[in-house]
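Encoded as structure tokens, the following chain is the form predicted alone, with no partner shown.
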């Protein structure tokens, strides 16, 4: 699956807005993930998962930064996220379905933060892009 030129433009344009609120969006995305998919908490036994905790904010920031790395390397997401893929597959052993859950939670968070900008085309482009990101993060499992 690859992105069209129009989808790439949408992703990069929307990223310029997302990046200004990256920490907040990352934190809210993780809070939503742990609320909707509590089984994801098993990968964070050492974290304080209470709303707004410092550890949640820090990890949320790292998650959105990784998405930013993928946006910056939109033509080669595999290379941009290769080390992260290895970490999650070989060291952390995260169940691959969690990347889909996280992608869904990020889409909902983006829609709530940017309701006027989050049109059907933006939603479709970001859904496709996050599917690519999820695919890259799970490719080491194969």
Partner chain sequence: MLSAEEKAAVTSLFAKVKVDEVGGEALGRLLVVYPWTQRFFESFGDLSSADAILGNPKVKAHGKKVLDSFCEGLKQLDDLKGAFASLSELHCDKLHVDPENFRLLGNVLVVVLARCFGSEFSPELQASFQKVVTGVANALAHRYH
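Not measured: the values here are computed from a predicted model. Positions refer to the first chain, counted from 1.
Beyond what is shown, the protein has a form predicted in complex with its partner chain; the following relates to that form.
Contact check at 4.5 Å (heavy atoms) against its partner chain in the model of the complex: none of 8, 71 and 85 pass. Contact check for residue 105: a non-hydrogen atom falls within 4.5 Å of its partner chain in the model of the complex. Proximity of residue 127 to its partner chain in the model of the complex falls within the 4.5 Å heavy atom cutoff. Looking at residue 112, you'd find a heavy atom of it within 4.5 angstroms of its partner chain in the model of the complex. Under a 4.5 angstroms non-hydrogen atom cutoff, its partner chain in the model of the complex lacks residue 54 among its neighbouring residues. This chain is displayed without its partner chain, yet in the model of the complex the stretch 25 to 33 from 77 to 85, 63 to 71, 39 to 47, 25 to 33 comes within 4.5 Å of it by heavy atoms.
Contacts between stretch 116 to 141 and its partner chain, counted in the model of the complex as any heavy atom lying within 4.5 Å, involve 116, 118, 119, 120, 121, 123, 124, 127, listed in sequence order.
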